[in-house]
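As structure tokens, one chain now follows by itself in the form predicted alone.
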């Protein structure tokens, strides 16, 4: 496939910040022209080992410099195109062209390739990822981030006087995850829970004190993490919802490297003490998943918690996930170390952490080959692009994480997943 022309546009993400959208005009051997575009998100809570994000205005200029390098070349596949972009960048972490510029072009190329062949994007990604499962025999679960904390919230100054609260919850994401196989039912249940939770919180804290965070999850004057968990669990039990609770601690944000301590609700905890804290949450709230429980360099602490929760315990423990994100940053070397040290059993997949589709697929394959689950994820600064839904479905991921079922940029991914589900007409 040849790229005839291309352009980069600067658009706004869901936080109102600049990001990139790539447009490619491509031609197949039969002379058929296709137009494809892709936009990329930006993270607020980022790991130290993520690929470099170039200022969008500088990336715009960089595109003009490299554009002629890939025009009129007859690319044989995705990897050849991505490899050229990596070579043009010429750095370890994509600090020359920026992972955001490279990724926007990589994803637009994938869309152009699938369109030129008249196949659905998720089917192209299924082949690309060597996913041998029958499509959707274990369809990705949506992870709805219904309560926001950590870096995803900004607390009004007035809450200090009114409630004695200066910052949001320490734990970053409080999720509900459907246990039903039917994606349509799971999405409906998640949406209903989200609406009822909003009404419940308005009763408890008054409507004017119920806000939305970056990922459309609720922000309230909670005094403790458990307070939010209690409200969620009670609502699940009251309505008998087929939902389990998951957490993203994003622990690097409340960790001190100087003294190796984690500060939660003004209490300082050692890695051993916070492990007990997490184990207690697993037991009391029947958690199904926990993401980034420790600092982004703490492979051994991840291992000890994983060993306790996933190996020593029996019954349903094998169904629970310890998910690495900042620890692994969709990076094959980081994932290899995590696998060798048994630092979890699942990895969060974020395309812009590594910068090309081909490299992301390599990480997905490595995880799968080592019996690690994959959860494909959005970022806090999102666009209306739904590429990650196709990636989750096509690669056979365990889950799709795209925030609360509220704001349009979050629902774009869930709606696309529902569309894929209906296209396949899966019946269990």
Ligand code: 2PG
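Everything numeric here is computed off the predicted structure, so don't read it as measured data. Numbering follows the first chain given and starts at 1.
Although not depicted, the form predicted together with the ligand is the subject of the following passage.
- Although the partner is absent here, residue 386 sits far enough away that none of its heavy atoms falls within 4.5 Å of the ligand in the model of the complex.
- Although the partner is absent here, residue 356 lies well away from the ligand in the model of the complex, with no heavy atom inside 4.5 Å.
- Of the heavy atoms in residue 365, none are within 4.5 Å of the ligand in the model of the complex.
- Interface residue remark: residue 172 is counted as part of the site for the ligand in the model of the complex, having a heavy atom within 4.5 Å.
- Proximity to the ligand in the model of the complex, defined as a heavy atom within 4.5 Å, singles out one entry of 141, 111, 350, 320, which is 350.
- Stretch 36 to 44 is the contacting one of 23 to 31, 36 to 44, 367 to 375, 56 to 64, since its residues have non-hydrogen atoms within 4.5 Å of the ligand in the model of the complex.
- Contact annotation for 372 to 402: residues with any non-hydrogen atom within 4.5 angstroms of the ligand in the model of the complex are 377, 378, 379, 380, 401, listed in sequence order.
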